[in-house]
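We begin with a single chain expressed as structure tokens, specifically the form predicted alone.
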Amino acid sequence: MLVRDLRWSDFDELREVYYRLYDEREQGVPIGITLFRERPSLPDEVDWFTRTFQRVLSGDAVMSVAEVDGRAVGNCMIDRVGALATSEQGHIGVLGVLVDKPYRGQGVGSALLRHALDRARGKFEVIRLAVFSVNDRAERLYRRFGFVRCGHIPRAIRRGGQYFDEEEMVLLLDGPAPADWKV
């Protein structure tokens, strides 16, 4: 596995990984990522990717990509909260991780997170995230990297007729990296 920075050529593979989440949801798989009610259209995805790529180039976002056998199988993004680094919340980044189902539980998320957090140092001071309360594996991963729980939102996600609570977590980047980052 190779973990690297985002490339323009990653669009199709990352879109496919993202679209497969909608298939998982339809099959009743309890995925731990918030989705739109309907799968976004190709033009919507092109627009999102273009804006994301521009934010990465400008330094307002970081995106790490995991590649296996030459194909993108996941990504980790940290996006600036404020519109610019000079805004009052410009020092805060919001983190999201996406790993294709066949590669979950194999260290891909850890490698993505390590790479993205390394890239975030010097750009952000605080990283925050939200994780489904039922996603114990993800919460353990975030704790290994030094994230701490700072809030709980009951019924934060409504998926069909079911509700999921969310845990808010935060990491202050101005301290030393946790010793177990060498996982």
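Just count from 1 along the sequence shown to find any residue number. Note that the coordinates shown come from a computational prediction; the quantities given were computed from them, not determined experimentally.
Here the subject shifts to the form predicted in complex with a small molecule, a form of this protein not shown in this document.
Segments offered: 142-150, 54-62, 116-124, 37-45. Contacting the small molecule in the predicted complex at heavy atom distances within 4.5 Å is 142-150.
A single residue from the set I33, V68, I157, V134 has any heavy atom within 4.5 angstroms of the small molecule in the predicted complex; that residue is I33. Although the partner is absent here, G82 is not a contact residue: none of its heavy atoms lies within 4.5 angstroms of the small molecule in the predicted complex.
Although the partner is absent here, V108 lies within 4.5 Å of the small molecule in the predicted complex, judged by heavy atoms.
In the predicted complex, at least one heavy atom of V99 sits within 4.5 Å of a heavy atom of the small molecule. With a 4.5 Å cutoff on heavy atoms, H91 does not count as touching the small molecule in the predicted complex; it lies far away.
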